[in-house]
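Before any questions on how it binds or moves, here is one chain, the form predicted alone, in structure tokens.
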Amino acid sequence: MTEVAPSYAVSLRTISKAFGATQALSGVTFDVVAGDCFGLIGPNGAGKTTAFSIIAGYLHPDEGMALVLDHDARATDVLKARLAVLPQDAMLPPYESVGEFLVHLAMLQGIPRAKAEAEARLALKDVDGSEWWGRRCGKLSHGMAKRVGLAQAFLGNPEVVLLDEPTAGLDPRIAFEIRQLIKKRKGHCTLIISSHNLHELEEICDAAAILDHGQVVASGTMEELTAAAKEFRIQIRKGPVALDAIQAIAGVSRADYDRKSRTITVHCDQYEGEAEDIISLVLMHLLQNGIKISSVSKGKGLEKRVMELTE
């Protein structure tokens, strides 16, 4: 069977952008598969905001090409109803009601007046905020305002949605609820999220690009970035660990044991099958030898991977 090439919703090709003597981006290239949730990752000053702004059409690159839905990202008139953006510090008009605000934005997107209210109400319902329709935006809590911002981004079912730090400054419960709302949109559009919350991105995203000093230092699926198919960790409670026996298991290339954390790290980078096959064999060996297991995790984790790749 012939493998079908992926369709890209966003493609950056050798993008460079400078602000005076500061080179914000240098030769940045990556693709976002249509329908994926994609993360933009990197420390402060890595170039995330600049890349985000170029995709949104807010900035123009000095060199290279940014394509969104097969159009130049600078073609904002063509993309205005197909691409939506929620900036980190988006402000709502304090004296307008939530309904007035969303209807106004729906009409700016080209939705006819007769349909604008229905679309606005649907978007607000999607973020569990129907009861806020008549409330002034200035009277909303921070969490409510963030939900209304999401409603604005999802208004009219755009094909690509850019979210900049969507849970920044929120308490854990509200942040969790916002993540669930974002997850509900997966599969309905392409999501690009810029965030410093690496655990959040690892939970939500299908793929990501890691930037550092204006360059892409790694990109790929979340499984590829975290080496989820190449290594796994087993934390044990008690029992002697025979690394030689583990390393003798077919498919295992190396095994290490950290006595302080009581963690066995098993590498299977040469194995071409499913990592779960080796996990099952190693766990069976440990259980048969009376070793009690506390937890099992695949890969390095996104946080550790980013720390390795960025300064």
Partner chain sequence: MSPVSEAGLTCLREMRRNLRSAKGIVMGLLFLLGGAAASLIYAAVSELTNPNRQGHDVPEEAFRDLRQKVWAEVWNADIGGYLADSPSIFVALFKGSLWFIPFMTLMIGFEQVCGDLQHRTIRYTAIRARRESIVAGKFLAIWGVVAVLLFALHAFVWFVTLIRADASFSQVLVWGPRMWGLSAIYTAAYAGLTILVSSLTRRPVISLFLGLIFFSLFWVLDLAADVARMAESERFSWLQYVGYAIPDYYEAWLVTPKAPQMLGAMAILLAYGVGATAFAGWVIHRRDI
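Take the two forms, superpose them, and find the largest set of C-alpha atoms that agree within 1.5 Å; that set is the rigid core. Positions refer to the first chain, counted from 1. Please read all numbers here as calculations on a predicted model, not as lab measurements.
Keep in mind the form predicted in complex with the partner chain is missing from the figure; the text below concerns it.
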Seminar exercise, completed: Among Lys125, His104, Arg135, Lys186, just one has a heavy atom within 4.5 Å of the partner chain in the predicted bound form, namely His104
Exercise. Quick one: of His142, His71, Lys80, His199, which gets a non-hydrogen atom within 4.5 angstroms of the partner chain in the predicted bound form?
Worked result: Lys80
Exercise. Leu92 near the partner chain in the predicted bound form, any heavy atom under 4.5 Å?
Worked result: yes
For this session: Report yes if any heavy atom of Met222 sits within 4.5 Å of a heavy atom of the partner chain in the predicted bound form; otherwise report no.
Result: no
Exercise. If you check in the predicted bound form, is Gln152 within 4.5 Å of the partner chain, heavy atoms only?
Worked result: yes
Exercise. Can any non-hydrogen atom of Leu59 be found within 4.5 angstroms of the partner chain in the predicted bound form?
Worked result: yes
Exercise. Tell me which of 48 to 56, 282 to 290, 22 to 30, 255 to 263 has residues with heavy atoms within 4.5 angstroms of the partner chain in the predicted bound form?
Worked result: 48 to 56
Exercise. Superposing on the rigid core, do we see a C-alpha displacement of 2 Å or more at Ile204 between this form and the one not shown?
Worked result: no
Exercise. Aligning on the rigid core, do we see the C-alpha of Arg136 shift 2 angstroms or more between this form and the one not shown?
Worked result: yes
